[in-house]
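One chain comes next, on its own, written out as structure tokens in the form predicted alone.
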């Protein structure tokens, strides 16, 4: 079960197939759903994930002491493929769970013992407490503060664009713990309990007519000292780990259509839609469809190459390539959907599911352009850390944060 006692690919494949044959009932797929639902897992999904975690299929590349099997990345992919072949969720969380991977890499032993299992089993819901009204693209400019008092920190401030805050049990929080050092050096990273009197959540209406985003007002909220990840004032390094996982996820996955209209496999959606609309023989549209599919294939290969070079808890600026590419892919696919539908794309509502999907995906593409660092931030990272171009001038990175001027 560990790297000290390796198994062959064939033996591993037979083991996971046998386990799935004994435990997974294909007919339960609809009731269980998938782990792509980040918040509010059903009781059926929680029960299934509990089995997956206890069998050590959820995070097989992790150490044995933390629900893993110590397998290589390539053998972990065997498990992911076998689960996918029967539409069973739960495997691959050692690649897809930013919460769990950040906690494993940077958390205290007591916090890992308390929360790693529940996170993997979707028994607790999580959110991100990063951005603030005056610190969005420049996260190092945050002004939410955390002051140590005995065995806990007292937190005051405001966060914004917090998805899932209304139901979250914990938020991954960055807060300023030292105002007398440069801005990147005075930040700490916490798992902040969300269900307490000092947390007020206010929903924000989005362009898609949903309210996943929220403002969060924090007044004398209590965070135990054990909930600190990394050390005091080393939160910027922890944040880079968390952002790398978030960008990896955004580079790999994207939210699909919401109408419920049946669609083919993801990479064939545009072809099926064009065939259904009777325009598949249009040479100009065929070229645009082929280009959109090619972008997705290339991005998948690039992401696989980058991840193959990473170890658990490490980061790479090349993750920004995948995240930026996925943003372009989503905008392009939405544009091509609209072109395929033509004037039909002007319709809206449940009576016109294809148009509803095209319009929703057009608007929702901006989520990926903003989440996990804007497209502009990704271009800066790629330019400076991948291509080696000169950094943009910054005048406030070497002075105490309390002396930084704000508008």
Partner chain sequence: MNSFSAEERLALRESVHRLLSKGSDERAVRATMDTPGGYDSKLWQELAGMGVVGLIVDEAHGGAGVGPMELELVMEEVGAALLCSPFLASSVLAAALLYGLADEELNDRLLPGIAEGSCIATAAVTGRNGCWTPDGVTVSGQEVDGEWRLDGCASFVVHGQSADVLLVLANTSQGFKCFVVESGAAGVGMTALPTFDHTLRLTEITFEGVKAEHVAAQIPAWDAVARAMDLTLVALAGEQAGAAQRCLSSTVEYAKTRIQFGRAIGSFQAVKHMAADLLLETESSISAARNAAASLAEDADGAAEAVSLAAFACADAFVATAATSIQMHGGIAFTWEHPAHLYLRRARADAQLFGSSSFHRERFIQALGA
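Basically, rigid core = biggest C-alpha set you can superpose within 1.5 Å across the two forms. For clarity, every value in this text was computed on a predicted model and none was experimentally measured. Numbering follows the first chain given and starts at 1.
Separately, the form predicted together with the partner chain exists; it is not shown, and the next lines address it.
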Exercise for the section: Classify residue 80 as contacting or not contacting the partner chain in the predicted bound form by the rule of any non-hydrogen atom within 4.5 angstroms, answering yes or no. Expected result: no
Practice task
Check whether residue 46 has any heavy atom within 4.5 Å of a heavy atom of the partner chain in the predicted bound form, and answer yes or no.
Solution key: no
Handout entry: Contact test in the predicted bound form: residue 11 vs the partner chain, heavy atoms, 4.5 Å
Key = no
Practice task
Considering only heavy atoms, tell me if residue 379 and the partner chain come within 4.5 Å of each other in the predicted bound form.
Solution key: yes
Practice task
With the partner chain left out here, work out from 220-228, 268-276, 179-187, 196-204 which stretch has heavy atoms within 4.5 Å of it in the predicted bound form.
Solution key: 268-276
Practice task
Scan 85, 291, 74, 149 and let me know which has any heavy atom within 4.5 Å of the partner chain in the predicted bound form.
Solution key: 291
Exercise for the section: Could you spot which one of 305, 331, 212, 145 gets a heavy atom to within 4.5 Å of the partner chain in the predicted bound form? Expected result: 305
Problem - Every residue of 321, 325 and 388 near the partner chain in the predicted bound form, heavy atom within 4.5 Å - result: yes
Handout entry: residue 384 C-alpha moves between this form and the one not shown by 2 Å or more, core aligned
Key = yes
Practice task
Establish whether a shift of 2 Å or more occurs at the C-alpha of residue 328 between this form and the one not shown, with the two forms superposed on the rigid core.
Solution key: yes
Problem - Is_shifted residue 179 between this form and the one not shown (CA, 2 Å cut-off, rigid core) - result: no
